[in-house]
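Below you'll find only one chain, the form predicted on its own, shown as structure tokens.
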Amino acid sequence: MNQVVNPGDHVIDATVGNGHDTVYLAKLVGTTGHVDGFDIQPAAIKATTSALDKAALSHQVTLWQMGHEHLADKIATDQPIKCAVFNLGYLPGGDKQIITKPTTTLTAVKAIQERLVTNGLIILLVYAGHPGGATEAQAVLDYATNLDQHQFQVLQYQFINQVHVPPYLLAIQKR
């Protein structure tokens, strides 16, 4: 992200969770940029609001308490997006029954792709090891694998010698 996001850019945190990525993105875009953050859980919005207030970064962030599949309703079609971050699965410390889902995640990814600038980046941290995670992981991987290589580069980064099922990272960069 550091090599892609610059002050003044517009970025998305598609799953704000506890706010760590949102704060980081807000620092990267600076006072002239903007972060749109999405999460369906009130606890995530509350935690992120608190983290942003503590870092004095609230003014450059808009938080939406709704699923990321609705981002096309909130972000104009002609709004260039430089980067989007997804941390799939469930809210750490939250209700593990509330998880991201393949259909909603792919809806959001496709909406971001339409707005992604050249060299823009979509980063997905994918958890296959939780209930429902394997289905979403496979759907996201299948989708990314089938992207036109002339339009997007896709990188998969993961641990392969771990006992448990650790998350892996997918980075989709527009050419």
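Quick caveat, the model's predicted, so the values are computed rather than measured. Just count from 1 along the sequence shown to find any residue number.
Absent from the display: the form predicted in complex with a small molecule. The rest refers to it.
Within this chain, Ala51 is remote from the site of the small molecule in the predicted bound form, having no heavy atom within 4.5 Å. Using a 4.5 angstroms limit between non-hydrogen atoms, Gln41 touches the small molecule in the predicted bound form.
Remark: Leu91 counts among the residues lining the small molecule in the predicted bound form, judged by a heavy atom distance of 4.5 Å or less.
Looking at Ile99, you'd find a heavy atom of it within 4.5 angstroms of the small molecule in the predicted bound form.
Using a 4.5 Å heavy atom cutoff, His20, Gly67 and Thr104 all lie near the small molecule in the predicted bound form.
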